[in-house]
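Shown next as structure tokens: one chain only, the form predicted on its own.
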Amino acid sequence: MNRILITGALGQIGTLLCQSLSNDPDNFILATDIRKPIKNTQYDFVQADVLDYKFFVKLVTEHRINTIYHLVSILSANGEHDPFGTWNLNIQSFQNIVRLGKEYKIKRIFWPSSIAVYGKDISPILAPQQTEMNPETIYGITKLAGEKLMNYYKIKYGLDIRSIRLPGVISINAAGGGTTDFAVEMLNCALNKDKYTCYLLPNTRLPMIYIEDAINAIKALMKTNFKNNERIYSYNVMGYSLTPKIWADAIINKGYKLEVDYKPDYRQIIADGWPQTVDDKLANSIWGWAPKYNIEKTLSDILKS
């Protein structure tokens, strides 16, 4: 049986990932978050702070955990308000999970990176899998550091840490503090018949992925059998690229009334340092990644229309 520990289980990705993994009878799920769930879950849940290493030792040993999905992170926009706290949470939590992996023989770890690892000097079109990276946010810096540590721990300890460089993730629930949250916020304003003030310019183009594709990518990556000597990558993936205006028009075309004002703030500077599209051919060639959702199918699935 896969005995799985998930940190950040109440977040945008964690919520759906827990549900999806718990549908497999071969999986035991122990979900953790610093918050309590609003309603009962179909899997085991423990309120826990991932910075409390001793408590996580207790969880791992008592529940005989052999796989970890580490999703805890302060995101790009929120991170700029507290760079020191962001570094501490993002990096120290990563170190704690890796230490658990080493000390308690965890067979496989998943940890998400981000397109925030890129910088303004990168080609904005089809940003390459491997290139010089100069992130300009503390969030991006922590993610790049995590990618470097991931490779280091593979070489030093033989740890199997797997990763995806996520673009903006679209779901009915916002990530909370991300630069691409406009897509979710705009959709909810349309559903609630509210006016939306967008913090990005209308033609700011960014790579995105529907959460169903993101979850499927994570699961496929974790099931892939790699050779022991194969290089560790944080794989680029994306579903499509869009701008706030393209997204607003797509929502309106679904029959919703939506009025949008554009008043860019500090998040515009962050978005300007990210690529418009990423090259994800490596993920396709090595473990078969391919998105199933375009913009139209994403909206149809969310709106059930």
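A quick note: this is a predicted structure, and the numbers were derived from the prediction, not measured. When you see a residue number, it is the position in the sequence shown, counting from 1.
Keep in mind that the form predicted together with a small molecule is missing from the display, and what follows is about it.
- Proximity to the small molecule in the predicted complex, defined as a heavy atom within 4.5 Å, singles out one entry of 146, 135, 168, 101, which is 168.
- Taken together, 110, 235 and 283 are entirely out of contact with the small molecule in the predicted complex: none brings a heavy atom within 4.5 Å.
- Although the partner is absent here, residue 75 sits close enough that one of its heavy atoms falls within 4.5 Å of the small molecule in the predicted complex.
- The small molecule in the predicted complex comes within 4.5 Å of a heavy atom belonging to residue 115.
- Residues of just one listed stretch (185-193, 146-154, 75-83, 92-100) have heavy atoms within 4.5 Å of the small molecule in the predicted complex: 75-83.
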